[in-house]
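Next up: a single chain in structure tokens, the form predicted alone.
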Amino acid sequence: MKAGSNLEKVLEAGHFAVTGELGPPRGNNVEEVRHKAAHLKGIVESVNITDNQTAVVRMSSWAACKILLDEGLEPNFQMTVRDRNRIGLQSDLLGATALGIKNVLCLSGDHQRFGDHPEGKNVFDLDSMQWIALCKKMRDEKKFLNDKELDGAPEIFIGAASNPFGDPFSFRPMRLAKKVAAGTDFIQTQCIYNMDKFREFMKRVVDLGLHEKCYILGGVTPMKSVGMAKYMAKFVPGMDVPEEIVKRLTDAGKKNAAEEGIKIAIESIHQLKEMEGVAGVHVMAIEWEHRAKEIIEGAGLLPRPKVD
């Protein structure tokens, strides 16, 4: 065991894992975090706390993680290299693990030009690959980046993200291989809508043996509307939304599009459960946390397994 987190235990026991996601508020409203967390309690192994997602200022990820711990949920602490240099990254990781946080997601972060402070300066002192390797060094070697000894090393389950649909597609498994080599324990993919293409991605991942070196969780995000589907298809980089998905939502009509989106998400999970190399799903129902249970239960993934 590396961290002894609930997510790690479920995956190591061979169960099909489920993680959720929660976006902190654009203020210090603790009750909003608690309200969203209540919808996820008992239906997922752990919950990603986003780190100023889309480069929009929100309550800090580590603070929201602490609120989740107090509410009896296990958080996945997302940390982007966009806003922190190597000093800040190491410091925040030590502080977070001192609070009891056991899972960390190492991410690049959306560029600030996409957010609400586009004039802000980014950092990117390290890239996501170097950040993964540094987390592993601090955990396994008990050393800082400068090789100085730690006085108490972080016991963490190290996660990273993977976009199976980015260009060039043929390189995506190799990029995942680099993250695995750097020290990733588990991977959460971006939203999957093109199942045929993801199946091809996973075939290449399995051929490389990567599924035996880290746990891969397929990303599932329910579509709320035709507009959301069209926007993601046209404007979100690296997103692959087949026309058949847009058509299904359109044919359902405006009043029933959300229900069709839930149905598509459930169908997606069923397909992912049967796919070789997929160890679980990451259900990203941001600002729709109250419908996460409906999706997870509809996919036959409740109740969740208990592990010691």
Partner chain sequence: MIVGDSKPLEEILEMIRDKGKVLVLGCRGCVTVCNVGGEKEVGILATALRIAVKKQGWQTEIGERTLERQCDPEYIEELADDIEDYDAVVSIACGVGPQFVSERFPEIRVYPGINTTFIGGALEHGVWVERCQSCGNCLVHHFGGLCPIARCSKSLMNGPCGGSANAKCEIDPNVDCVWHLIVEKMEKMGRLQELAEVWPVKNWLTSRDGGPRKRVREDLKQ
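Quick caveat, the model's predicted, so the values are computed rather than measured. Residue numbers count along the first chain shown, from 1.
Not pictured, yet referred to below: the form predicted in complex with its partner chain.
Answer yes or no: in the predicted complex, does its partner chain come within 4.5 Å of a heavy atom in every one of F114, F124 and K178?
-> Yes, because F114, F124 and K178 each have a heavy atom that approaches its partner chain to within 4.5 Å in the predicted complex.
Quick one: from I87, L150, L145, A98, grab the residue that has a heavy atom within 4.5 Å of its partner chain in the predicted complex.
-> Flagged contact: L145.
Answer with one of G227, G238, G209, G120: the residue that has a non-hydrogen atom within 4.5 Å of its partner chain in the predicted complex.
-> Contact check passes for G238.
Out of 152-160, 72-80, 216-224, 102-110, where are the residues with a heavy atom within 4.5 Å of its partner chain in the predicted complex?
-> Among the candidates, contact is made by 102-110.
Report whether the minimum heavy atom distance between M138 and its partner chain in the predicted complex is within 4.5 Å.
-> Looking in the predicted complex, residue contacts with its partner chain do not include M138, since no heavy atom lies within 4.5 Å.
Though only this chain appears here, would E200 touch its partner chain in the predicted complex if you measure heavy atom gaps against 4.5 Å?
-> Outside the cut-off, so no.
So in the predicted complex, does any heavy atom of D196 sit within 4.5 Å of its partner chain?
-> Although its partner chain is absent here, D196 would stay clear of it in the predicted complex, with no heavy atoms inside 4.5 Å.
Is F171 close to its partner chain in the predicted complex, meaning a heavy atom pair under 4.5 Å apart or at it?
-> Answer yes; at least one heavy atom of F171 falls within 4.5 Å of its partner chain in the predicted complex.
Looking at its partner chain in the predicted complex, which residues in 24-46 have at least one heavy atom within 4.5 Å of it?
-> Stretch hits: zero.
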